[in-house]
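Just the one chain here, laid out as structure tokens, in the form predicted alone.
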């Protein structure tokens, strides 16, 4: 038996790096320690797609990798407006290859940020981000605010590893040295653990951020007795707690990014952080979901100048979220082919987008079957990054990390699949040119 320590978990944006994995003599993982239930399930592997497949007469037929890759390349080379979507649960090396493929075929390339923290990125582009690392939070933060986020379910080890329950250099008592505030529209499991729960009327986050900014800047007289369902006395209590803190972190989730004001909510949250910074050290961070959703945004920004929702059909990058996002082009019926990697749009996109996706040729690259598999025309199973393949990833705080290969696998790595599709596409174009 082999024991691997300090393994990184390829589940969520926490990328916990203290996992212990035991591998039996047969080369299979037998035990995972330190991961949450979801992370453990992913590392152990479950219900895998066993073989590449091509849809014929309405049914998926098993085939070789070579045949599936060749068919995928034919679909993409023949498409006039292809979409390449997903990329958030794979490594940066795959993302780079995906950008090269998108440039080659003039595709729209987008990742899951466009339906989760895309508004956060737009706000950060507007006003910046006074942030820090998760290590600083673990060691220094004595006030932890979760706003529109429920880490107990979405990021199960987050509080234990990095914030409220963790023991740091300057917070050796763990939660005895900290206070946790949860702001949400309902009392979640996370809210039940909080020292203070602030219940906001749905869509009222912008108003509450504005009220707190006014109080922290010394203008509490302009704040009415009730703001978006929150009484003024509760806002004053929270503001006083902030003023007396040594280090504050606000983690915000999709409860903020997807309410009415969208990216303006986040811009206002960042300005609230700056107002708090007048009194003490204050930082803010988005609770990114997939373990490398941040990495794709980084890679695209390096290579194309923009983080997501990029249209390359004109021979140069065109960035206009709301027009060039995956949902937008699908709802408008623009795409005539799609490559979906490491994501499941059939479970998360609006019905009109999914209906159009089901009408066009779809290539799916993923270790696991999901609802998108039900109508995919080419299915290519891949190795699990961070378990069966190595690569680089970015944590939610933009710290780059290296995930390792722990066990061998019969499955091809994402990067190799994308690069082989790219080679086939170039060969087809070269043949057509001749």
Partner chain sequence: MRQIVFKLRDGALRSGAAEVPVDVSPLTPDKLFGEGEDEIKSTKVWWGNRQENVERIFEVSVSGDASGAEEVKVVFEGELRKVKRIGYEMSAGEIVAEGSVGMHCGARMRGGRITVNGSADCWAGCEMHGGTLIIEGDAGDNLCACYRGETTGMTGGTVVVKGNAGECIAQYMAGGEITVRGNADMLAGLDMKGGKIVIEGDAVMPGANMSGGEIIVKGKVIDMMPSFKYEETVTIDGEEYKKYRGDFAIGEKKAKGTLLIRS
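Everything quoted here is computed from the prediction, not taken from an experiment. Residue numbers count along the first chain shown, from 1.
What follows is about the form predicted together with the partner chain, which we do not show.
Trainee: Pick from 233, 176, 80, 169: which residue has any heavy atom within 4.5 angstroms of the partner chain in the model of the complex?
Mentor: Among 233, 176, 80, 169, a heavy atom within 4.5 Å of the partner chain in the model of the complex occurs only for 80.
Trainee: Considering 247, 251, 206, 164, which brings a non-hydrogen atom within 4.5 Å of the partner chain in the model of the complex?
Mentor: Residue within 4.5 Å of the partner: 206.
Trainee: At the 4.5 Å heavy atom threshold, is residue 142 in contact with the partner chain in the model of the complex?
Mentor: Residue 142: no, not in contact with the partner chain in the model of the complex.
Trainee: Answer with yes or no whether residue 84 is in contact with the partner chain in the model of the complex, where contact means some heavy atom within 4.5 Å.
Mentor: No.
Trainee: Any of the heavy atoms of residue 106 lying within 4.5 Å of the partner chain in the model of the complex?
Mentor: Because a heavy atom of residue 106 falls inside 4.5 Å of the partner chain in the model of the complex, the answer is yes.
Trainee: Using the partner position in the model of the complex, report whether residue 160 sits within 4.5 Å of the partner chain, counting heavy atoms only.
Mentor: Looking in the model of the complex, residue contacts with the partner chain do not include residue 160, since no heavy atom lies within 4.5 Å.
Trainee: So which of 280 to 288, 297 to 305, 190 to 198, 315 to 323 is the stretch with heavy atoms within 4.5 Å of the partner chain in the model of the complex?
Mentor: Of the options given, it is 315 to 323.
Trainee: Can you tell me which bits of 340 to 366 touch the partner chain in the model of the complex, meaning any heavy atom within 4.5 Å?
Mentor: Those in contact are 356, 359, 360.
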